[in-house]
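Let's start with one chain on its own, the form predicted on its own, as structure tokens.
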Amino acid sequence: MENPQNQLKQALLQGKRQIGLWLTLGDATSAEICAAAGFDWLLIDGEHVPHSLDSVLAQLRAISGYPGTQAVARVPSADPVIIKQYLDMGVQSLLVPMVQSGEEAAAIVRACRYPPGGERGVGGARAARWGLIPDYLHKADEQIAIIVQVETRQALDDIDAIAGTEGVDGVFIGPADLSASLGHLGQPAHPDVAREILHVIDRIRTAGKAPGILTRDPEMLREATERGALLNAVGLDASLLAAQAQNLAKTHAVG
């Protein structure tokens, strides 16, 4: 058995825009429904959703039934133990939140790689298909996509070092936390925030890495895409359900 090829990583290296959706319901059935919709990638959010490792694994399995859709998982923190557990479950595209410096980015890369290039503990488990991929330890690193998330003024100040870190494949911008850090809490579309986002996308592209962003603002999505954003999340499953449920209830309201 061959180690699965990371189609998302290859697409980003080729400069192909990838459209994704945020999974925040934490449910394997909703993850499968979203995978069937045809998105290029789905983000399993382990930072803000009360996941267990079992629930993350269940969503990975649900998404794997749809080869055209790739799973990305956001770990709750840069803790190398948590990173190891996600990778051992078979996550090949990892998003790490709240990265503040080039040093932090380099530490994340080390946590994702086996020695001698890194510090990932040897375990494999599901990732190695329980030994059915005999050369997994020697080929795993090349299929891991490492995406770091910049969400604060401090991160913006060190963006060149973060984006320039060897082994980082993409840099994802978090408008919600970034707007809070810039003094515009709850206003991710504020002009000052938008201006910073577009500038950061330019810096990421200059470093030769793939920029990414989550936004439901059509204008911001258009501008970010024109500037070169490749990893674009366009919505959240919970928000889609809430909006459609409210619209349906209003449409059929009596009295």
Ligand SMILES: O=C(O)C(=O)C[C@H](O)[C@@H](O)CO
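When you see a residue number, it is the position in the sequence shown, counting from 1. Everything numeric in this text was worked out from a predicted model, so none of it was measured.
Keep in mind that the form predicted together with the ligand is missing from the display, and what follows is about it.
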Option from 148-156, 131-139, 100-108, 79-87 whose residues, in the predicted bound form, bring a heavy atom within 4.5 Å of the ligand: 148-156
In the predicted bound form, the residue from 34, 230, 193, 214 that sits within 4.5 Å of the ligand by heavy atoms: 214
Heavy atom of each of 48, 74 and 236 within 4.5 Å of the ligand in the predicted bound form: yes
is_contact(residue 176, the ligand) in the predicted bound form, heavy atom dist at most 4.5 Å: yes
Residues of stretch 9-23 in contact with the ligand in the predicted bound form (4.5 Å, non-hydrogen atom): 22
